[in-house]
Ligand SMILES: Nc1ncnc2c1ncn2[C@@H]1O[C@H](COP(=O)(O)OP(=O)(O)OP(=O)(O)O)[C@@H](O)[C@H]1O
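To begin, one chain is listed below as structure tokens, in the form predicted on its own.
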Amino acid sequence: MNVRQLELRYFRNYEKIKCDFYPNCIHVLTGKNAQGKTNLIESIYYLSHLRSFRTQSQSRLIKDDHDFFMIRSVMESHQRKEEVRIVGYEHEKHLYRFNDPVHRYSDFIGNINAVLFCPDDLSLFNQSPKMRRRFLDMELIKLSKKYTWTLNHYQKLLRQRNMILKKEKIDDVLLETLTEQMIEDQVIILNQRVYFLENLMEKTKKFYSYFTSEKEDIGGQYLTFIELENIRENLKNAYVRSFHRDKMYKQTHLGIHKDDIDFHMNGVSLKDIASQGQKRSFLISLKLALCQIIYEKQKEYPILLLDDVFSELDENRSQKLISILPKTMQVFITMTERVNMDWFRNHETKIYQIEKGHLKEVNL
């Protein structure tokens, strides 16, 4: 998958910019801080996820003195080009494919697949379980329409069940019906989450070995409220046991909406034992493993976005990272330091200078 053309209007510090990019190529975005390097990567991420990785406020994406932003791109997938466009306002966004409106987010997400590494991603290991569930959900949503529908349906059922529990007089029959439907949804969600995580960690271990000479045993365990054998039966038994407690406290206590992932090293939670360098190497390996899963499922690599990836990697690890990037993957890398072209000698690479929202290709 490649971004062949990108056009921004009133997005962050960009007034108007239109640029062409090369397929299956590493694009190195250089420049001082606050010039627009990360903003450009953010626009590609937004096309993939319909959200920013830096803010929850859409209004902050709009350039000062304007009331909307526009991101337009010509994407190439399996040698087929498609034009996509997003127009964002303070509280809403409009989506287009080939100039035709797209009314459901689920019909847009997944058509463009971008994987991001940024320094803030290190919080994945330390923040609440919600962040780790979101990580799983966002990737599975892009890979599986069935997962997307099932997760949305489960969340709707959960809201309905909680509303019934809050009523003064509870309809036990309706409550049981909703619970049965939630169980069926959770069977699908749990199976997909567990399989995805196992596959992801198997690949992460292989990539991690490139970045360390130590024999560190890393992994990730899915944590849920039941044993993962005989899932349907265990779910039924768990809800039977929780039935009276749910009615007493007027909320649903059990469900995949409370699950977590324990990333660990040598049998100890990563957040308690790993150094910042180990966490960064783990996270980079995780993102590369994710790219490999996407390739195996979709028969092409996603776009890889690496924001400030070299800031805490030594020269040896930085060079190893570039050396293992697939040559058929389009990559965007931001950096403030001078580019060491020796790292890129085996890859087609283009260098760009970004200054005050203007991008210029630099001749090597």
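Predicted model, so just to flag it, every value in this text is computed and none were measured. Numbers follow the displayed sequence, beginning with 1.
Another form exists, predicted in complex with this ligand; not displayed. Remarks below refer to it.
(request) Tell me, out of Thr328, Asn33, Ser57, Ser311, which residue has a non-hydrogen atom within 4.5 angstroms of this ligand in the predicted bound form. (result) Contact residue from the list: Asn33.
(request) Work out which of Gln353, Asn13, Asn340, Thr349 lies within 4.5 Å of this ligand in the predicted bound form, going by heavy atoms. (result) Of the candidates Gln353, Asn13, Asn340, Thr349, Asn13 is the one lying within 4.5 Å of this ligand in the predicted bound form.
(request) May I ask you to check whether Lys63 falls inside a 4.5 Å heavy atom distance of this ligand in the predicted bound form? (result) It does: once this ligand is placed as it appears in the predicted bound form, Lys63 has a heavy atom within 4.5 Å of it.
(request) State yes or no: in the predicted bound form, is some non-hydrogen atom of Gln319 no more than 4.5 angstroms from a non-hydrogen atom of this ligand? (result) Contact check for Gln319: no, nothing within 4.5 Å of this ligand in the predicted bound form.
(request) Tell me, yes or no, whether Asn39 is in contact with this ligand in the predicted bound form, where a contact means a heavy atom of each within 4.5 Å. (result) Residue-level check for Asn39: yes, a contact with this ligand.
(request) Using a 4.5 Å heavy atom cut-off, state whether Ser52 contacts this ligand in the predicted bound form. (result) Taking the distances in the predicted bound form, the answer for Ser52 is no, it never comes within 4.5 Å of this ligand.
(message) Just to confirm the contact call: exactly one of 296-304, 43-51, 25-33, 320-328 touches this ligand in the predicted bound form at a 4.5 Å heavy atom cutoff, so which is it?
(response) Selected range: 25-33.
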